[in-house]
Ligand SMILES: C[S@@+](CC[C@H](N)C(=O)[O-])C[C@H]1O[C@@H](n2cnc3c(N)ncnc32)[C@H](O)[C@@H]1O
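Here we start with a single chain on its own, the form predicted on its own, put down as structure tokens.
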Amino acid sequence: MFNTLTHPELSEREFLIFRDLISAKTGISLRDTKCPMLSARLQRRLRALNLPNFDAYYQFLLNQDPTGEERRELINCITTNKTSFFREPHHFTFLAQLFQDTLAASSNPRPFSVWSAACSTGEEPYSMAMTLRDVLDRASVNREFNILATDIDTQVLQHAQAAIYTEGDLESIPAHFKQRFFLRGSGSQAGRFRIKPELRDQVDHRQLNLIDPAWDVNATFDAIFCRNALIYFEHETQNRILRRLISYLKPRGYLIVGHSEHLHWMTDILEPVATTTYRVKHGA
């Protein structure tokens, strides 16, 4: 049986109380223009729970969600997860060169570590893994690398861990990478492609909320990608998250952000080295 309940659009008052709740839980700041988007996405949760209106859903979140499961569903439904393989390809060219330089600089190299701090459905961290594996193949050397992939959205993390993509998803991937790193599906999986196990195993997926007071991260990194996530936060929150991320970089490590995220206001600790790519200053 289908649920045929229909619900009105969010009122201004309802939009404000949900916006405040979402900001408190995620740090995401929703502009007034996002009211129709939020209304449509919350209506899906009302239908799923068979609730009559937005006030009932708000009360459900406050009083009938002891495990936080519905709060996670709320977060999942309001996050935006637009991504693609090798998006902003200059960043992966930079990563490849950085890895090559690191390999050349030490005869007893330490593991090379990268963090994808808003990994969405996995295209970014797997693009990192393909890039680094290709460098190793070309250099004919044995070297460990580690990739941490985190996101607030548990649904996209499940997608990333499954590592199954459509042919359309692979359009931006070089042909030799498709052959080298993907398994082609057959039968019921025809038209789908899965990242090979040896590459999947290089990526550690974890749920992480960037505004949480504690992060489940006990490592430092040569580079951190935090691309196209900062735009959803107020400036004060951006500053707090970025300085915290920087504390996880190795000396002279690199922070890479999205094409519209310029960090000219962080010159005390970062210096630009390439397009939306920054290095931690000496002594920072």
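The shown structure was predicted, so the numbers you read here are calculated from the model rather than taken from an experiment. The first residue of the sequence shown is number 1, and the count goes up from there.
As for the form predicted together with the ligand, it is not shown, yet the points below apply to it.
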Note: exactly one of Ile211, Ala96, Val141, Ala162 sits with a heavy atom within 4.5 Å of the ligand in the predicted bound form, namely Ile211
Looking at Leu46, Ile246, Ile28, Cys35, which has any heavy atom no more than 4.5 Å from the ligand in the predicted bound form?
Ile28
Please determine, with the chain shown alone, which of 148-156, 186-194, 165-173, 130-138 has non-hydrogen atoms within 4.5 Å of the ligand in the predicted bound form.
148-156
Thr79: touches the ligand in the predicted bound form, heavy atom cutoff 4.5 angstroms:
yes
Verify the contact flag for Tyr57: yes if a non-hydrogen atom of it lies within 4.5 Å of a non-hydrogen atom of the ligand in the predicted bound form, no if not.
no
Answer yes if any heavy atom of Gln202 is within 4.5 Å of a heavy atom of the ligand in the predicted bound form; otherwise answer no.
no
Quick check on Phe221: any heavy atom within 4.5 Å of the ligand in the predicted bound form?
no
Every residue in His90, Leu255 and Thr275 with a non-hydrogen atom within 4.5 Å of the ligand in the predicted bound form?
no
Quick one: name the residues from 225-251 with any non-hydrogen atom within 4.5 angstroms of the ligand in the predicted bound form.
Arg227, Asn228, Ala229, Tyr232, Phe233
